[in-house]
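A single chain, nothing else alongside it, follows as structure tokens in the form predicted on its own.
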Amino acid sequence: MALHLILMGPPQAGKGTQARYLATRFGLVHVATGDLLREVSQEDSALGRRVGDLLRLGEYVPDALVTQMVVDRMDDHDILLDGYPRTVAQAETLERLAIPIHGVFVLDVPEDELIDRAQERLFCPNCNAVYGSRTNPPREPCICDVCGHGLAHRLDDAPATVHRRLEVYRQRSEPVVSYYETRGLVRRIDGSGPVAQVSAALERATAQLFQRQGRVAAETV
């Protein structure tokens, strides 16, 4: 049986960095809705402009659109969902579609640290790698370690947008955590430490879920 995992946490919690690590470490297919939506927002179309406006305002994209994007990418491979489900309705849709979830990892980070991280974050427009000046700095200032492209700030990291995104997370996504807690699927991870420390905790938790399925986790890195 394929393993289906969800990585959750508020904006700036480090989900993207940790999701990419887990995907590489265990050979998971990383389905990142944030990346998918940003790709759509660059399209010169009515949908692209609509999605772009929602992202700049820190609002959620309608459930039906996001769900279709995610389901289209799920198959018989081990999957790590990053940024989905973000609402209870989306979680219920997965259950209604008989798509099982085997584990939900939640990165816990204090809100004041989340706001500081937003001001320090840079990303690569070419390969979507993410950096922070304190927690995960690039080897060369403003240059991506992965592909050598110049780094930039995201529009949705503006202070007003970050505060709005945190408010929306509390209203819509924290109930999703509760939804999965009642099913015994949630494992909380302290996301405030160094990147390597958080990665190690997530790696141990993921390996345990593979073991529960009677499988040996892939050695890909």
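We number the residues from 1 along the sequence you see. For clarity, every value in this text was computed on a predicted model and none was experimentally measured.
Absent from the display: the form predicted together with adenosine monophosphate. The rest refers to it.
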(request) Would you check, heavy atoms only and a 4.5 Å threshold, whether Glu59 touches adenosine monophosphate in the predicted bound form? (result) yes
(request) Report whether the minimum heavy atom distance between Tyr84 and adenosine monophosphate in the predicted bound form is within 4.5 Å. (result) yes
(request) Decide whether Leu28 counts as a contact residue for adenosine monophosphate in the predicted bound form under a heavy atom distance cut-off of 4.5 Å. (result) no
(message) Quick check on Val66: any heavy atom within 4.5 Å of adenosine monophosphate in the predicted bound form?
(response) yes
(message) Using a 4.5 Å heavy atom cut-off, which residue among Leu55, Leu185, Val162, Val177 comes into contact with adenosine monophosphate in the predicted bound form?
(response) Leu55
(message) Within 4.5 Å of adenosine monophosphate in the predicted bound form - does that hold for a heavy atom of every one of Arg117, Pro138 and Ser192?
(response) no
(message) If contact means a heavy atom within 4.5 Å, which one of 73-81, 108-116, 140-148, 86-94 is the stretch that engages adenosine monophosphate in the predicted bound form?
(response) 86-94
(message) For a quick check, can you give me the residues of 1-21 that have a heavy atom within 4.5 Å of adenosine monophosphate in the predicted bound form?
(response) Lys15
